[in-house]
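Single chain ahead, written as structure tokens, the form predicted on its own.
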Amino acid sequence: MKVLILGGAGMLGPYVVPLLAPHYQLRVTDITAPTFDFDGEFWEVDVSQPEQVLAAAEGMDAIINLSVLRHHRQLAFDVNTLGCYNMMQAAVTHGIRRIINTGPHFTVTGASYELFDFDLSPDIPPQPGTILYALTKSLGQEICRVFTTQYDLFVQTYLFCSFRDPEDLHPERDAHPFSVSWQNSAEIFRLGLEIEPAKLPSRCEIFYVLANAPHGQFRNDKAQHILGFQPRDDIAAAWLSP
């Protein structure tokens, strides 16, 4: 399988790309080259530029979108929202049916949920709140969903929040009920590439990717039951006092 990775030089790239490289033909893209070695191609691509995304997607079987920009008003919209539109247009043009999108947990569960509720699943009505990052990512997710209602495409979206290193945990700063190790989070991308699209409940599915935690606020059972994700790294030290 030939896989296009958008934003592969970002935060998740150093974990996702090496994990996938032995199993797939990778075309990794970003506005700067990755600082790590991998077996595959690198293309300089700005996801806000439709012609660049279209060219990079040619000949690919799947697309993984790791691109993100958080704080700058125009650039956040260009990357998080317009980037999704360009990705989906490229998928339609080249007949790429398998797309994996990514985002923060508040793409769905913004402050109105996060501050007051618990036992939250990724299938609740989205309420991203007013943070620029959340709004632009939520708009991008809605673009992905609408495309799946009009075309023969399957989108999986993985939502994250706090990434932790199991070897370097600090309860005073790392306690968050929506946490997962970098290494464990990367594993879900291979699961998403392996699952038969017909086994997904719908053409657009959202998954929370997090470790098992005692808080009971967010649920990771959907990722486990549908994709086979196994929360395996013990990061309990992130919320347990020494």
Ligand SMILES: NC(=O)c1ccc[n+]([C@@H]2O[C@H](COP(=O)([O-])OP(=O)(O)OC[C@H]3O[C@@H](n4cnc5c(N)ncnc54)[C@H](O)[C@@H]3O)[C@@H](O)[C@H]2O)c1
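Residue numbers here begin at 1 and follow the sequence given. Because the structure is predicted, anything quoted here is derived from the model rather than measured.
Omitted here: the form predicted in complex with the ligand. The next part is about that form.
- Considering the ligand in the predicted complex, the lone stretch of 120-128, 86-94, 138-146, 102-110 in range is 102-110 [heavy atom distance within 4.5 Å].
- Using a 4.5 Å heavy atom cutoff, none of 24, 60 and 227 lies near the ligand in the predicted complex.
- A residue is said to contact a partner when one of its heavy atoms sits within 4.5 Å of a partner heavy atom; residue 20 fails this definition for the ligand in the predicted complex, lying far away.
- In the predicted complex, no heavy atom of residue 41 sits within 4.5 Å of the ligand.
- Proximity of residue 47 to the ligand in the predicted complex falls within the 4.5 Å heavy atom cutoff.
- Taking non-hydrogen atoms only, residue 10 approaches the ligand to within 4.5 angstroms in the predicted complex.
- Applying a 4.5 Å heavy atom cutoff to the ligand in the predicted complex picks out 79 as the lone residue from 71-90.
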